[in-house]
Structures are given as structure tokens and as C-alpha cells.
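Quick heads-up: it's one chain on its own, the form predicted on its own, in C-alpha cells.
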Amino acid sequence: MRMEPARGLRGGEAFAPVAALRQRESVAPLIAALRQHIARIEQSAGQFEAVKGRGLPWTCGLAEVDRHLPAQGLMRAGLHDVSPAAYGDQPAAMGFALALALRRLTDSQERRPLLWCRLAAQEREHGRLYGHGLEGLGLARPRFVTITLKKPQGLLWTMEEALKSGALAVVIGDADAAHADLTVTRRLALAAAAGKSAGLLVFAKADVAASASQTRWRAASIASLSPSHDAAAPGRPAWTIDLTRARGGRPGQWILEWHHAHSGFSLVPGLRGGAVHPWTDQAGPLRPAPGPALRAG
């Protein structure tokens, strides 16, 4: 048999797969170095903001959660967002967003009020804000301003201008992924940095797109524990919380409840006979289980 040279191949084309493999091998260390460089930038940006900013670090006040945040806590002049875990959980997401904002307002050096921007469509879907209920969660009326807008574009513009003004400690706003995309959230993040204010977006649905938020949270409602003196009375607000993204930190999951008296979180103990923790015994009366209910990534 006579071997003939391959036809239709120009010089070097026969070795194209080998060249591509070598190119990938040379690019892999560069990609790894770039990822490490980006991580250092994210951490140093938060540290620079903590040094230049005034007031105490913005944390959750719970060691099990704060160890997952960046070393300096939540960025005081940055953008954060909360999304519901499923349809019907947006009120839970709103409650958790308010709890984060109240943690910011506990700083004695922070005397600016809070602005909450609502969409008329979301108010029709889930109800309007209730002043007495907000006071029950720990938000004083003199530190609270609300506005309702019809168009999502108008709400995002209002949030951007409010953040840039520097007159507000926190600006909370309803949002949806169709309008609050990466470009828009980047503008909000820059406005928050310019005004030294914090922005909190509360998404209407769980399937949110990419954003420029420093931290991203997901909240789901759960049944609260009744007080020991009255088994029929409602307990403290409680949520299942997922920290899905944290620049300079790491994700985690917790079951938290809110204490309005000192504006702080605590871990909810497991429930037996309920659906809060699937690993608990489903038989028997409702009673706290030993140990905290915590799953952290």
C-alpha cells in the first residue's frame, strides 16, 4: 500500500487541534489570575468604603450570618437586592428588606430617613404599606417616607435621584427583572456611592437577572413560633433566608426571626411536627428542637 499525503490541507492546518489545545493551556493560568485579581478588587473596594464612610459597620448582628459577609459588613454606600423564593413570598422579601434597612438605621450616627418607592401594580397585588405594622417592626414614622409610582422606569429614576441626593440613609424600591437589568442596577450602585446611601431592590419574582448588587438575598415565608404563654398568638416575623451572592463573602442559608425591640435577628429553633425543617421528626406535638436551625454554605 502506498501512503499519499493528505490533500486539501494547507501548511500548519493539520496541527490546528494541537495549537488550540496549547492555547487553552496557556490561557487557563491567566483566567485564574484574573479571577483572583477581581476578588481582591471587590474586597479592597469594600474596605476602602468602610474606612472612608462614617458610622458603625452595617451587619446583621448575628455571628452565624455576619461571618458570611465581607469583613467590613454590608456596603453602606452600595446596592443590595432581595427576591422572593416563590410566588407569594414577596411580602416576606419586603419584610426582610425592611429588617436589613432597620439594621442600618440603628447606627446612632445615621440620622437620615428611609424612602420606600412602591409600584402601584405591586400594591394592588400584595397590599399597601401599613404604618402601624411598620412601627411594630421598629420603624419610627418620622424616619419613613413613601411614594407610589405607576411606571417601573419612573420608580428606578426616582431611586437613582434619591440615592444621589445624599439626603437618605436607605432607599427601598420595588423592581422587576425586565427593567432592573445590569445597566440600570450599575447606575443605581454608582448613585448610591455618590450619595453615601444604601439601595435595596425588592424583586417581584424569583427569576431575577444579573445585577450590580453587592449582596443578593432570597427570602421565603415560614410559620412563626408562638410565644410560650399563648400557643394561639402569632409569633415574631420569621423567614428562610438564602444569601446567594456576596462580594468578598460567601453564600449561606438560615432560618431567622426578627426582634423589633432591639432591631436584631436570631436563629429560629427547629420545629417538630411542622414542615419548617424536613429533617425533624414529624410525629408528636409542636415544640422546639434542640440546637439552632442553621444550614450554611
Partner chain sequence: MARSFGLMRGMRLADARAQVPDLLSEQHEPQEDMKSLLGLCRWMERYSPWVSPDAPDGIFLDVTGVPHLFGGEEKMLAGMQSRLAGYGFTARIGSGATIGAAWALARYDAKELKSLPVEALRIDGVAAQTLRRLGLKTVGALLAIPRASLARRFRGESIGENVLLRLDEMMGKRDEPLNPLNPPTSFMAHRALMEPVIHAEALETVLTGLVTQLSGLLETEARGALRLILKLFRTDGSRLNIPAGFSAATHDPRHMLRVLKPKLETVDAGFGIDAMTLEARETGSARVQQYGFMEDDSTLAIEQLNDRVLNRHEAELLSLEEVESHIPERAELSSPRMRGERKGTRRAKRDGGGEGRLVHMQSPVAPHLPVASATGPFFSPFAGGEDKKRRPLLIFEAPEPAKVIASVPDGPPMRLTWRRVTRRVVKSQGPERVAPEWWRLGEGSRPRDYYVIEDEQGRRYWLYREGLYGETGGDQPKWYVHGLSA
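Here the structure is a predicted model, which is why all the values come from computation and not from measurement. Positions refer to the first chain, counted from 1.
One more form of this protein exists, namely the form predicted together with the partner chain; it is left out here, but the text below deals with it.
Interface residue in the predicted bound form among 162, 200, 75, 188, criterion: non-hydrogen atom within 4.5 angstroms of the partner chain: So the residue touching the partner chain in the predicted bound form, by this definition, is 162.
Answer range among 188-196, 208-216, 175-183, 116-124 for contact with the partner chain, defined in the predicted bound form as heavy atoms within 4.5 Å: Correct option: 116-124.
Any non-hydrogen atom of residue 232 within 4.5 angstroms of the partner chain in the predicted bound form: Answer yes; at least one heavy atom of residue 232 falls within 4.5 Å of the partner chain in the predicted bound form.
Non-hydrogen atom contact residue 86 with the partner chain in the predicted bound form at 4.5 angstroms: Yes, contact at 4.5 Å.
Heavy atom of residue 145 within 4.5 Å of the partner chain in the predicted bound form: Although the partner chain is absent here, residue 145 would touch it in the predicted bound form, with heavy atoms inside 4.5 Å.
Partner proximity in the predicted bound form: residue 237 to the partner chain, non-hydrogen atom cutoff 4.5 Å: Judged by the heavy-atom cut-off of 4.5 Å, residue 237 is in contact with the partner chain in the predicted bound form.
Sequence-ordered residues of 134-150 touching the partner chain in the predicted bound form, heavy atom within 4.5 Å: Heavy-atom contacts within 4.5 Å come from 134, 135, 137, 138, 139, 140, 141, 142, 143, 144, 145, 146, 147, 148, 149.
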